[in-house]
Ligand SMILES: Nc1ncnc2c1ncn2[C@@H]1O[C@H](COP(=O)(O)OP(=O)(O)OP(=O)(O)O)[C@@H](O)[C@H]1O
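Shown below, as structure tokens, is a lone chain in the form predicted alone; questions about how it binds or moves come after it.
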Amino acid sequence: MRVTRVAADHVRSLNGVSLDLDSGVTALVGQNGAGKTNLIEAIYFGLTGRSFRTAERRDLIPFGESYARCRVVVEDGEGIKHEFMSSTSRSEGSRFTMDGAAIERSQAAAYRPAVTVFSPDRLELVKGPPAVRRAHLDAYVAARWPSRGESRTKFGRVLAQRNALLARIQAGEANVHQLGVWDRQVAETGARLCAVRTEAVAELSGHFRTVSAELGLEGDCQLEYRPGACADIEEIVEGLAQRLDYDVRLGRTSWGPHHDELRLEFNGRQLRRFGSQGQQRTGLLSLLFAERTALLEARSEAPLMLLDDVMSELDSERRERLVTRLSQGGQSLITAAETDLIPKSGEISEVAFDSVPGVTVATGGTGEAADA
């Protein structure tokens, strides 16, 4: 699957911007402040109904306007096209549609490419709390093994039921003996979730070491899974029983796969705590490329990669290596402030981009021109 066209209206600084994209690697080049990051965000918004820069979708609406909207056309390997539309309004809330009909974001994922974003705004994946990395790892699991993608959802539903019962027990409205059935279900779904996460990290760890070395983290790089529980059902049941009194006082489940950690390490230390900003950026990029490489090797569909300002901190040799990896398959969009930052390669379609009113946005000869 690939994105063939994006059209953004009132998405931050973008209005009336329409762009056709190559099926391979596209470099979006323009001066700082031209709106390149906004276009990356618009594509992500159009495909997923969310922003990777803010939890409040109304932040996308420019001052003085009432809505933000993006349309993205996707084409699969058989030539079948679908148009996704995501919008948010100050007065009417948000909408997300496929071919004009409302659709749940989870259902839409089957008809669009997975999306991977590298952006300074995404450093939270390295620097932030474990919950961010758990969600990211589970998204990779869903892309790698679609039939196992519901593991997180099933565990979450059961955990919510156990937590609700714990709250009722704490309030004196239920009996602890009722927990047995939920303990067993938490253990069964939690063990499956833990097992698939373990398998995913084992598959990614070698690629993470290789890519991180290529991109400049020359040392001992590790991707490590630290489970909050374990993969054995009976041990999880026993662990929940041992923590019963504490959980009742707390009113929620204090231990289990919802406390797992995915650690990015460099020379034996956590990147999130001890890495420099540049090392954290490289660690994030290495993780995203490790996932992409694993998906390609498994003959799964590579995600659409949206790489914002990725070239500025890499030397020329490492830029070449990055482009070589991107050229191995899948669709990618890179932003850069200067054309000199983009390696000269027949694999890359360069797009000149500027948001000054009246300036034409050229699509490298492969698509239509548009006024930004």
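Note that residue numbering begins at 1 and tracks the sequence as displayed. Since the structure is predicted, the reported quantities are computational estimates derived from the model, not experimental observations.
Below: the form predicted in complex with the ligand, not depicted.
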* Listed range touching the ligand, judged in the predicted bound form by heavy atoms within 4.5 Å, from 323-331, 43-51, 26-34, 299-307 -> 26-34
* With the partner left out of view, is residue 341 within 4.5 angstroms of the ligand in the predicted bound form by any non-hydrogen atom? -> no
* To do: Indicate whether the ligand has at least one heavy atom within 4.5 Å of a heavy atom of residue 15 in the predicted bound form.
  => no
* Asked: Is residue 61 close enough to the ligand in the predicted bound form to count, meaning some heavy atom within 4.5 Å?
  -> yes
